[in-house]
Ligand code: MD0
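Shown next as structure tokens: one chain only, the form predicted on its own.
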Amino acid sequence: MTTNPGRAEIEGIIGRALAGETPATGEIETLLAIDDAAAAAPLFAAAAELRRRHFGDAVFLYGFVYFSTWCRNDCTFCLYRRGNAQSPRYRKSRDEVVAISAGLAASGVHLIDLTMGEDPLYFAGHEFGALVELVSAVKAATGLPVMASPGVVTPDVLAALRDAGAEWYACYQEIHDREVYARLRTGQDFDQRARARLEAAALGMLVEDGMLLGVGETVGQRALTVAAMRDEPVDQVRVMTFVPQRGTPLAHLAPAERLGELVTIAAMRLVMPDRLIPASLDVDGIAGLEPRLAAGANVVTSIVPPDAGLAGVSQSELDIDEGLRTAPEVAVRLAAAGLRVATPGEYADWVSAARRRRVAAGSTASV
């Protein structure tokens, strides 16, 4: 049985968004309630139009280097949770990470995303010097913007990462409903995680938040999360569909329909038209790229080189060693969709403009 809101109501929200009016939380929930592809078509068209207005036909590419799959946490959704005996474990050396990053830079990506679990090697003794040095080495080897995704760290570590050359800090809340959050990120303080993003923004870093779909949340809880990201000083907002992971407490969940992710991407574009919204290759591989772009995404993430021994997050192996999650392959798919890979200068200009907006907004938000 469909739960779609009325066509006139949807068209009204879309029309106001195209005219520059930011959807309210109740209107976001109305959009996210769309569960029929035909009913979603006007939403996708509006999202693509808003992307065009703000970004033209240019799409940014992010190289993904998951350099440590060790983690101190027991998130119920994650393959790499501490207690999962079925998790593939590795730590890449500094030289390996630098070489992989240099190869990604040569392939045409715009940013290197250095991601790890909350590795006890760093967190147990708060020895983050090696991570700071790694960021510095990757920055020197590639000349590209670097995103640090180390989990929740203190302001002094964030400042050190920034000074080493990390322009970005990514720290996903997954959901902004406290009850569902507690079921997902067991034993992790909701406010501490949210505060880490504010602290990074206050230090002048660009910030990414993200949400996870298909973990038992309601449409209203999804809307709450989109609205919270709207109101945060964040520059990139991500949504990904949960993929059940072996050896985890949520392994039994049925995979969610992908339409919900596409509708959420499009709704986020209406709510946050000038922010970066990724199309991740980590859920459905290269086959899932075009629908996410059609829904308004303008960044391709989880580009992983083959034969480097790297894993993905939601899909640890999908399309990696086949060479389908590479910048050249993505460029071909973009061209088929009437889009193109942005130039390095276009990405640099966007980063500079985002920093100026941060200063102008005075986003040294209270932490």
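Owing to the predicted nature of the structure, the values given are computational and were not obtained by experimental measurement. In case it trips you up, residue 1 is the first one in the sequence shown, and so on.
One more form of this protein exists, namely the form predicted in complex with the named molecule; it is left out here, but the text below deals with it.
S.K.: Only one of 154-162, 107-115, 130-138, 216-224 gets a heavy atom within 4.5 Å of the named molecule in the predicted complex; which is it?
M.R.: Within 4.5 Å of the partner lies stretch 107-115.
S.K.: With the partner left out of view, is M147 within 4.5 angstroms of the named molecule in the predicted complex by any non-hydrogen atom?
M.R.: Heavy-atom contact with the named molecule at 4.5 Å: present for M147.
S.K.: How about Y172: is it within 4.5 Å of the named molecule in the predicted complex, going by heavy atoms?
M.R.: Looking in the predicted complex, residue contacts with the named molecule include Y172, since a heavy atom lies within 4.5 Å.
S.K.: If you check in the predicted complex, is S280 within 4.5 Å of the named molecule, heavy atoms only?
M.R.: Judged by the heavy-atom cut-off of 4.5 Å, S280 is in contact with the named molecule in the predicted complex.
S.K.: Looking at the partner-bound form in the predicted complex, is H176 within 4.5 Å of the named molecule by any heavy atom?
M.R.: Taking the distances in the predicted complex, the answer for H176 is no, it never comes within 4.5 Å of the named molecule.
S.K.: Tell me, which of A196, M272, M240, M205 has a heavy atom within 4.5 angstroms of the named molecule in the predicted complex?
M.R.: In short, M240.
S.K.: Since exactly one of V59, A48, A40, V313 fits, which has a heavy atom within 4.5 Å of the named molecule in the predicted complex?
M.R.: Of V59, A48, A40, V313, the residue with a heavy atom within 4.5 Å of the named molecule in the predicted complex is V313.
S.K.: Residue by residue through 298-330, which ones have a non-hydrogen atom no more than 4.5 angstroms from the named molecule in the predicted complex?
M.R.: Result: T301, S302, V313.
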